[in-house]
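Only one chain is given next, in structure tokens, and it is the form predicted alone.
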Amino acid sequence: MDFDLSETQRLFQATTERFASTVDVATRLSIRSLDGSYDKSRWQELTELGLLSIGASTEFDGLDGSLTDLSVIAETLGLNNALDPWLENGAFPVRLGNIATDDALLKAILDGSQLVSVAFAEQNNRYELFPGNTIITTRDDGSGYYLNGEKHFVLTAALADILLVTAQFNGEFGIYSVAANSDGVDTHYYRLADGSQAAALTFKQVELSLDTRLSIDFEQFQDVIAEINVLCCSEILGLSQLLLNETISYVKEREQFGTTIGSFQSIQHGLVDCYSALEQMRSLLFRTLLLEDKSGEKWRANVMGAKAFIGENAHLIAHKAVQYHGAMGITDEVSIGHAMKRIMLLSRLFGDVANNLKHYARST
């Protein structure tokens, strides 16, 4: 079987690498110190390069890219230790808008005029995706809705213009488009492990019009989550490759007892273990991408199983990288620390290893 990238995928890869490779550690720290922990001008540049359009249908002026095409971008971002929230604020809302066939939402995202955050997590709901305490009610005159409840872990909410909020309406699942500056939206910001910002949101009688509900059901939402989990795996794979590359280069230069530490047998064995784990992660990701049916419970279970394995082994590689670099490996002064913290975030997004294995075991 041929696993080489197509000409189009190589173009996506090269474009992404040129964009992401311009940010070194010092620049990264400078950008993270900004309000919202990000420079919105980079988001505009990212959209102009078409890195968001790939996930949208040609019906909405997108490039109709496959999940494998998106995976190439995600892995390249990881390999370059990118700080851009392409996955959480780009691919995620684009795929939702694509399924909902929401032309206005997609055009706003794809032209870079609006940054969208998805509010799906609730404090007491653990990793369950069905909303528990975020409720939609109909106005007395029937002209619209009221939104009440709370959401946590809303990624890059400080820069968001639109919030896609999951909520219950008469016990049914729904996603509603809410202007981030709407009256009744209270926001509390906090930092995440990778230096980005998230927010806890409280909605108090937020008024919504009838056309704010997206045409997407809970099954479709879960399938989109599975797609984003695959992209999490792809970015984790790129980050793990970066960690291994950086560590191999470091042990070839770092001297102790009059010789490079890369000559020590124990370190060589540890790096071989990391290489073996990385190749297994890559094979499992390929297997998942090659599955024909990318919808339904079995598909979602396969993705959860793959993410559990990839996330666990990525932590092994990250810990080895930090161990061989010494104390500086965990700091913000070297790329190793940033990559490890991004892996910590992505491996737990939508579910940690234990949660993913539980769902995988239940469905197989």
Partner chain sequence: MDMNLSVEDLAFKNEVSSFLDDNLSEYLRTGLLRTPGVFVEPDIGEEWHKILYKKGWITHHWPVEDGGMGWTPMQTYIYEKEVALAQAPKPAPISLTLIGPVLCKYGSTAQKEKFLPRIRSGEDFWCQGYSEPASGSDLASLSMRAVLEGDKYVLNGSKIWTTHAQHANWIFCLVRTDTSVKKQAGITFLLVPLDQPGIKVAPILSMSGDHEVNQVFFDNAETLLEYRVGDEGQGWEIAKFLLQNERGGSCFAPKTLVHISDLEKYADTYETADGKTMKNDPDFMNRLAKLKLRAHALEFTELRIQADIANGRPAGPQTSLTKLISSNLAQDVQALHNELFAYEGLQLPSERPLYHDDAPEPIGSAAGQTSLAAYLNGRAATIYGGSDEVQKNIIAKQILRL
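Positions refer to the first chain, counted from 1. Because the structure is a prediction, the values reported are computed rather than measured.
Although not depicted, the form predicted together with the partner chain is the subject of the following passage.
J.: Quick one: of 108, 200, 99, 277, which gets a non-hydrogen atom within 4.5 angstroms of the partner chain in the predicted bound form?
T.: For this set of options, the contacting one is 200.
J.: With the partner chain left out of view, choose which of 62, 337, 36, 305 has a non-hydrogen atom within 4.5 angstroms of it in the predicted bound form.
T.: Exactly one residue meets the criterion: 337.
J.: In the predicted bound form, which of 315-323, 43-51, 66-74, 294-302 comes within 4.5 Å of the partner chain (heavy atoms)?
T.: Every other range fails; the passing one is 315-323.
J.: Residue 80 versus the partner chain, in the predicted bound form: is there a non-hydrogen atom within 4.5 Å?
T.: Residue 80 lies outside the contact set for the partner chain.
J.: I'd like to check something about residue 311: if you look in the predicted bound form, is any of its heavy atoms closer than or equal to 4.5 Å to a heavy atom of the partner chain?
T.: No, residue 311 sits far enough from the partner chain in the predicted bound form that none of its heavy atoms falls within 4.5 Å.
J.: Is residue 128 close to the partner chain in the predicted bound form, meaning a heavy atom pair under 4.5 Å apart or at it?
T.: Answer yes; at least one heavy atom of residue 128 falls within 4.5 Å of the partner chain in the predicted bound form.
J.: With the partner left out here, check for me: in the predicted bound form, does some heavy atom of residue 26 sit within 4.5 Å of the partner chain?
T.: Residue 26: no contact with the partner chain in the predicted bound form.
J.: Is it the case that 93, 169 and 209 all touch the partner chain in the predicted bound form, with a non-hydrogen atom of each within 4.5 angstroms?
T.: No.
J.: Along 338-359, which positions have a non-hydrogen atom within 4.5 Å of the partner chain in the predicted bound form?
T.: Contacts from 338-359: 340, 341, 344, 345, 348, 349, 350, 351, 352, 354, 358.
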